[in-house]
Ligand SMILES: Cc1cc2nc3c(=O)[nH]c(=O)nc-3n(C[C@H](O)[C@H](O)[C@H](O)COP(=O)(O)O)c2cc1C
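In structure tokens, one chain follows: the form predicted alone.
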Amino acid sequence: MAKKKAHLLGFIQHGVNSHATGMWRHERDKIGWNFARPEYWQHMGRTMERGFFDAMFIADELAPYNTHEDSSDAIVKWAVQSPTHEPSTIVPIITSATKHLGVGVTLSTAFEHPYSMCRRLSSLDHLSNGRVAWNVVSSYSKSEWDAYGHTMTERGGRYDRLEEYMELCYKLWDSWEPDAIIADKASGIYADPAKVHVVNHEGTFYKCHARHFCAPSPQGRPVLWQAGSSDRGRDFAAKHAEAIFAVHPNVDRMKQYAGDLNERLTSKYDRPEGSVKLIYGLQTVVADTRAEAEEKYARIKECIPPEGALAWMSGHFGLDFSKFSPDEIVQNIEVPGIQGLFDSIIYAKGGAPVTVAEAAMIYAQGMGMPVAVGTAKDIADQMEFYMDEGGADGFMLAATYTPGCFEEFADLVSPELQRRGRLRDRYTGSTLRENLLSN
């Protein structure tokens, strides 16, 4: 039986710091690079393509978190995912510098009408020759709703809106028939109106009466990505997603998630088992020796500011952890925010008690995802274990210092995975969907 090949994605933000808090102060971070300039993103894209990644995955947050002490002061002070620039603006920069690498972009449905969302994503798919994915989110943090002047709705209501949002997106993307464009210069007729259908949508949350303003893009619609972790979120992912990003601290949790997701696929939505790619979060620290890798990992942890770590955890989970004792056990605390990610902290020590102070530092290293520290062989061993025993189809590789962490992975780990038959040695598809959904 052929070995499963890993799908690799680089997990970053369009900002000074991504998901390992404090990395902007690391002596290896962005040496000679400025994250706000095109050259940095071109280099990042080429580096990931050299490592045979499927895509760069751009996370996002629409406003600085303001849950910690009812303020965003600590977020700004410690550069906790701040400043962060708009994610879709860099997609053409990355894809014009690469031939095969896809870009997954996180865009919230909460404050944008489906019509403009579809137009933007179709445009990006055209400009990238079919290499765009959309990470569908609905805005989970209070700061985003405050920034847009709205009162935050409860989670169940957000999923009701999200279902209708996707229904309208599908109508728009599918409204052009394949042979609608005639482009007959002699007659002057460019497109047949009878084959470019007007979408008439009168829903509970959205109304639309218009034709989609973009001709069909190479993929037709972007690859649809999801990170749903609650019960409702898992249902949404099983119904709509082509790939799912999940964070689980150990192989047992990975295995449980894979089983649950595949059960939902087959029993609820009549989709084949394994038809959605399961991409698990992983942070890697690689070096020529284990001792050197451990030293590098220690330095990464030294860069984390404790208050910044606490502020980020407060923002992500919608609860002000500054009001709790540092010794409080997080297993005794209920959070209104992203429950699936909170589970990654609860199980970070195999189910043993985790204090608030410990949880903040664990989360600030990389959202509670497992960390592989060692030689290329050590890291490849761990990745194979997660694939064979945990059901992983691939990995969302969380950035530490950039671009160095991805350069090191491409130079050391990718070749080791290729030697084992666990990573492609060439891209076989012309679109992101073709590459990502391949085995």
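All residue numbers are counted from 1 along the displayed sequence. All of these numbers come straight from a predicted model, not from anything done at the bench.
One more form of this protein should be noted, the form predicted in complex with this ligand, which is absent from this view; the next part is about it.
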item	value
Interface residue in the predicted complex among Ala287, Ile362, Ala258, Val137, criterion: non-hydrogen atom within 4.5 angstroms of this ligand	Val137
Among the candidates Ser229, Asn262, Ser88, Ser175, the residue which, in the predicted complex, approaches this ligand to within 4.5 Å (heavy atoms)	Ser229
4.5 Å heavy atom contact, Phe321 and this ligand in the predicted complex	no
Interface membership of Trp312, this ligand in the predicted complex, 4.5 Å heavy atom rule	no
Distance check, Thr106 to this ligand in the predicted complex, heavy atom within 4.5 Å	yes
Contact test in the predicted complex: Tyr159 vs this ligand, heavy atoms, 4.5 Å	yes
Contact segment among 95-103, 242-250, 182-190, 166-174, judged by heavy atoms lying within 4.5 Å of this ligand in the predicted complex	242-250
Contacts with this ligand in the predicted complex - residues in 57-91 whose heavy atoms fall within 4.5 Å	Ala59, Asp60
